[in-house]
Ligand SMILES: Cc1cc2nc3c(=O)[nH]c(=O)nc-3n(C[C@H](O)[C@H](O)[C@H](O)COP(=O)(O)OP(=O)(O)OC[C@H]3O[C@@H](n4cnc5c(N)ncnc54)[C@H](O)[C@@H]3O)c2cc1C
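Just the one chain here, the form predicted alone, laid out as C-alpha cells.
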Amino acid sequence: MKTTTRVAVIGGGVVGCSVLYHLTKLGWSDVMLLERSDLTSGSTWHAAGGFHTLNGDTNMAALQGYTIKLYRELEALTGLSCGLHHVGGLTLADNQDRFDMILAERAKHRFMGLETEVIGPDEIKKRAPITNINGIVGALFDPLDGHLDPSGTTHAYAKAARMGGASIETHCMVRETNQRPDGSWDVVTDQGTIHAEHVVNAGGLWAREVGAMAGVYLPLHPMEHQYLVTDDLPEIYERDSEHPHVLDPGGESYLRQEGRGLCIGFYEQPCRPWAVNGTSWDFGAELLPDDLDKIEQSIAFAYDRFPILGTAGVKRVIHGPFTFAPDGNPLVGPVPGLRNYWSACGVMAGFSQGGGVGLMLAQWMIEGETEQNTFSLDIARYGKWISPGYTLPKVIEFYQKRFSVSYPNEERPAARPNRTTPMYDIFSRMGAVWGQQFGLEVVNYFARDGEPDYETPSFRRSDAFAATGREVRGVREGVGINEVQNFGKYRVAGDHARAWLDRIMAGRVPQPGRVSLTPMLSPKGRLIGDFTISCLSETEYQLTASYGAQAFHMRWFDQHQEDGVSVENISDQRTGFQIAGPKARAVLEACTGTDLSDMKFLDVRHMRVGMTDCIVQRLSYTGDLGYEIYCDPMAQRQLWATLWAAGEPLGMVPFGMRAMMSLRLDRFFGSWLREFSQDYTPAETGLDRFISFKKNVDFIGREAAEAERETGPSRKLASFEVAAEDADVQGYEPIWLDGAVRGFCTSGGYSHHAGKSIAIGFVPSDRLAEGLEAEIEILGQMRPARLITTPLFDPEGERMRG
C-alpha cells in the first residue's frame, strides 16, 4: 500500500467509487480509496437499485439526469455490466394537489430538456396494467426511469477509476485523520499511515464516525428502510416487455419488476431511526430483522393499489439502513472551518445521484468550482448551529414526507422553533405566522383575529394572500416595520480591509459614511453573492447578504484570508429592524430628535435611537423610502418599544417575508438563489451595473466578467406581467416564445401594490423588448405574458432616493 496520495477517499460504496472515478476522469490519477471491508459493504449492497430524474430541485434533477446517462459510458469504458433496465416510470397523482405537483414538475422538465409527459388514467392502465386506477387523476411518465445492479455498478465505477490510475485498498480500516500545520492530512489505518493532501469523507453509514475523527459534525442520520420481493407472477413474466416503475406517493410506495416478480418498497409513517448513538464498526454485510408490522398499513394500501400483490408470495424481505440529511439532499463539498477536508455523504439516492455527486466534487476539488449551482447539496447550507438534536427529528420528518406533495410555500414543523430572536414572543402575540431560514424563525406574515394562524400549503394563492396584501398596503401608504435579523452580517476590519474588499468584491468599496451594492464573483465569473458594503470607517466595514448563505460565504472569506484584515460573522451579534414607507423618515426623526433630511440614499451613520446606540443606513429592499437600523441583540426589545411608540400613531404595521417578496417585485429586485446564484453571471442578471471595471484592482472573476462584457450574454433577466388566475409563478416555469420554450422563470408572485401577477425570468438577449408577447406555463396552463421594463412603483426612484 502506498503511503502518500493526493486524495484519500474514505468509503467504498457507490458514492466513494464515483468520486474516485471522477477525480481520475478530470485528470488526478494519484488518488486512492480506503474501505474497511469490501466494496459495497455498507448500504450500497442492499439498495433497491432504482433510479429516476424526478426531483423538486432542478439542479438535483440535472445531476440525476447526468448520473443515469453515465451508466452506458461506464459500461463501454470498463466492459462491465451495470445491469441497466430503462423501463420508464410513472408517478401517480391521486388528488388535485398531487396532480398540480406533477404539472409543475413537467413544466420544469420542458426547459431542462427532459422528455417527460403527463398522462391520464386510461394511459396509465395501458402502461402499468396491474395498477388500480380508481381515484387516480393522472401521472407523470419519465422514460429514463429504471433500475440496475448495485454491486455491478459500483464495481464498474471502481474499475474505471483503476483504469485512470487510482488505487483501491479494501480491508483497510481508517482509525484516525490528523491534520498537519500545512493543511494536509495523516490518515491512520490498521495497515499503516497515509499522508494525503486531501481527504474525502464518503463514509455512508459511518460518515458521522469518520467526521468525528476530524472534529466535524455531519448532519445526517440513518433510517431503517424495508422493501419486499415477491415470488414469480405470470402477469409479470408473461409480458412482452418489462413492467415500468410505479411510484405511488399516496401509498408511500415504489414498485418495479424484479426478475419474474415484483419489488415494492415503502416510506412508512411509523418509521424508525437506526443507530441513534452511532453506527457500530462491526456492522456490515447484514440486514436488520424483518419488521412487517411497521409497514402493515403501507402494505394494505399497496394491496388495494396493486391487487396482484394480494395473491403473490413474498420471496424475501430486505430491511436495511440508509442515511439521510435533514432535507434529504446530499452533503457535498469542502467542510467549512477545515482545509482540504471534503464531504460526499448523505446521498440517500445513490444510484440516482451518485454520478452527479462525484462529478461535482471532482470539479470542486480540481477546478475550484462546479459547473452548476451546488447550493442545494452544499454542506455549507447548514451552519454551526445544527446539532444531532435537530437533525434526528428533521430526518424522521423528511422520511415520512418523502413521497408527500412538496409545496412551494410549505413550512414543515419538526424541530421548531429552534433559533429565535428576542422579538419571538412579541411577534407571536401580534399574530406572527412563522417560517424558518437557516434554523432561524422568521415572520412570514401577521394574521389578525379570525384569520388562520397557519398557512395552508398550496401551489395556488394561499390563505396568506389577504394578510400579505394588507401589509403591502401598510408599507406603501404609511410605514412598515420588519426585522433585519435574517440578513447575514459580517464585520471586516483592519488596515488592509479596503484593499481586501476591493479584491474579493467586484463592485466599488464605498467611502466612510456611505454604502454600496456589489456582486461577489467566482474565478469563472459566476455569482456567489450579492452584498451591501457599509463603510463605518477606513478600517471597519459591515457586509450584509443572505442569512442562509452564512457558512457558504464565511468559507469563501476564510479561503481568501489575508494578513492585516479580520472577517467576523456577526449575523447573530447584530440585529434590529428596517422601517419603510413614506412615513419612515418621520418615525426615525421622532425617535432621534434629529432632522434627517440631510441623510441621503446609501448613507450610513452611527445614531442613537431612543436609548439604543445603532448603525442606521438609508436603503430598503422594499424599493421605498426606508432605513435599516442595527443594534446589539440585548437592546432589540428596547429599540422595538421606541420605534413602535413613535410609529403606531402614524399607522405603523409589522410586515413579514411574504409582503417583502411582493414589494420587491414592484421594482423588479432580484433575490438570492432565485435571480442570483452560481448558475448565473452578472451580465445575465443585470448585476454588472454594480461592477467597478474602472478600479485598478484584479478582483476575483474580473477576467471572466470583462470577457462577457465584450461578447455580451446570450440571455438576460426580464420581467413579465402575467395574465394569471389563482396561481402565480414560483420558479422554473418555462417561457414560451413563438411556440417554443426559449427561457424559464426564476421567481415571481403577486404585486399587491399594482394588483398584477409578475414573473422574472431569462429570455434570449436578442428578444428583450418592451411589450414582447410570451406565454408562461403555470400548472399546465399557458398563461399570456407581456415583457415590461418600467417598475410598477416609483419608476424614477424618487421616493427611494429623495
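For every residue, the number given is its place in the sequence shown, counted from 1. From a predicted model like this one, the values you see are computed outputs, not experimental measurements.
Note that the form predicted in complex with this ligand isn't included here; everything after this is about it.
You can rule out all but one of 23 to 31, 48 to 56, 767 to 775, 732 to 740: in the predicted bound form, only 48 to 56 has residues with a heavy atom within 4.5 Å of this ligand. Within 4.5 Å of any heavy atom of this ligand in the predicted bound form lies no heavy atom of F111. Residue contact with this ligand in the predicted bound form: W206 places a heavy atom within 4.5 Å of it. Residue contact with this ligand in the predicted bound form: F693 places no heavy atom within 4.5 Å of it. Taking the partner from elsewhere, H752 is found to have every heavy atom lying beyond 4.5 Å of this ligand in the predicted bound form.
At a distance of at most 4.5 angstroms from this ligand in the predicted bound form, all three residues E35, Y227 and G320 contribute at least one non-hydrogen atom. A heavy atom within 4.5 Å of this ligand in the predicted bound form is found for exactly one of A362, V174, L218, V443: V174. Of the listed positions (I308, M213, L619, M423), a single one reaches within 4.5 angstroms of this ligand by any non-hydrogen atom in the predicted bound form, namely M213.
Within 4.5 angstroms of this ligand in the predicted bound form, the stretch 326 to 362 places a non-hydrogen atom from each of V347, M348, A349, G350, F351, S352, taken in sequence order.
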